[in-house]
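Shown below, as structure tokens, is a lone chain in the form predicted on its own; questions about how it binds or moves come after it.
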Amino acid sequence: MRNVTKDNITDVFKAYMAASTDARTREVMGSLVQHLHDFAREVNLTHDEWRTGIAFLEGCAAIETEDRHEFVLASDVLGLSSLVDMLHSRPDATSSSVLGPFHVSGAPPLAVGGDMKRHYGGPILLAQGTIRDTDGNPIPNAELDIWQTAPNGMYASQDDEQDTFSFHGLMTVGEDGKYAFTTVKPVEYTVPSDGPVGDILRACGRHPWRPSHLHYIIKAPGFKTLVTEIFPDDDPYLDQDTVFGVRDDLVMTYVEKPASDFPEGLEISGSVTETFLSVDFDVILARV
């Protein structure tokens, strides 16, 4: 096509894809470019603004490492990650929520009732519940991948002072579907704002704060894998999560209890001498 104009360039692009045998690729790429071109026409995008956008992408690539995923973070703060989650969440199951850029694969085994708090200071949190199907039946032998920040608000992959798998654990539940573990009460924290994503947040007048939460990935044969987070109902950032991860069904309540109420059969049973926090949160998985 020789006579490409601002009005026909989108159709020309789609015509160039006619030879593709992948219908989904044609659909996705065609729609992406349609919206991209429409956006540029709508705002009358300038050369300087275009160069700023390219510089943003180059800046993300420049600081991307195995432990820092700036492109994922960009998707998170723009709401794209959460939108994709919500598009594919099942209404009869626990909502999904963002994976985030700080998950570390290969976490060590954590027994049911195991402890992730170890030597760290801060309030003890006992988290427990049952992994169920949509009919309310326990799902036996499900795998639960757990991770969170340390009391300083940093994940292990961000913090040289922490072990590689600090506050990470991989649990396999029993036949009853029940999980339980102790950890330190999670804290609210800021996403990294010293790179291109931080520039976007500041330009938009936004803060970088996330409410405190626990991350879960739950897998079981025959069920859809769930990536989610759970949030306490008293967190000050619950209604202004910078990555849009909060859902009504993911909000839970910490209950403060005396040390005498700490149950038997957990790794730290018998050693708890102060009040602790307890939360019960059941997870519902949908079948594939």
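The numbering used is simple: start at 1 and walk along the sequence shown. In this text, all values refer to a predicted model and were calculated from it rather than measured experimentally.
Although it is not shown, the form predicted together with benzoic acid (BEZ) is what the next lines describe.
Residue contact check: Val191 to benzoic acid (BEZ) in the model of the complex, 4.5 Å heavy atom: Close contact exists here: in the model of the complex, Val191 approaches benzoic acid (BEZ) to within 4.5 Å, heavy atoms only.
4.5 Å heavy atom contact, Phe102 and benzoic acid (BEZ) in the model of the complex: So Phe102 counts as contacting benzoic acid (BEZ).
Contact flag, Tyr155 vs benzoic acid (BEZ) in the model of the complex, heavy atom cut 4.5 Å: Result yes; Tyr155 sits at the interface with benzoic acid (BEZ) in the model of the complex.
Touches benzoic acid (BEZ) in the model of the complex: Asp145 (any heavy atom, 4.5 Å): Because no heavy atom of Asp145 falls inside 4.5 Å of benzoic acid (BEZ) in the model of the complex, the answer is no.
Candidate stretches 170 to 178, 208 to 216, 84 to 92, 111 to 119, one within 4.5 Å of benzoic acid (BEZ) in the model of the complex by heavy atom: Heavy atoms within 4.5 Å of benzoic acid (BEZ) in the model of the complex occur in 208 to 216.
Candidate from Ile139, Ile124, Ala127, Val98 lying within 4.5 Å of benzoic acid (BEZ) in the model of the complex - any heavy atom: Result of the distance check: Val98.
Listed residue (Ile230, Val243, Ala220, Leu226) with a non-hydrogen atom within 4.5 angstroms of benzoic acid (BEZ) in the model of the complex: Here the answer is residue option Val243.
Stretch 62 to 98 - residues with a heavy atom within 4.5 Å of benzoic acid (BEZ) in the model of the complex: Stretch hits, in order: Leu73, Asp76, Val98.
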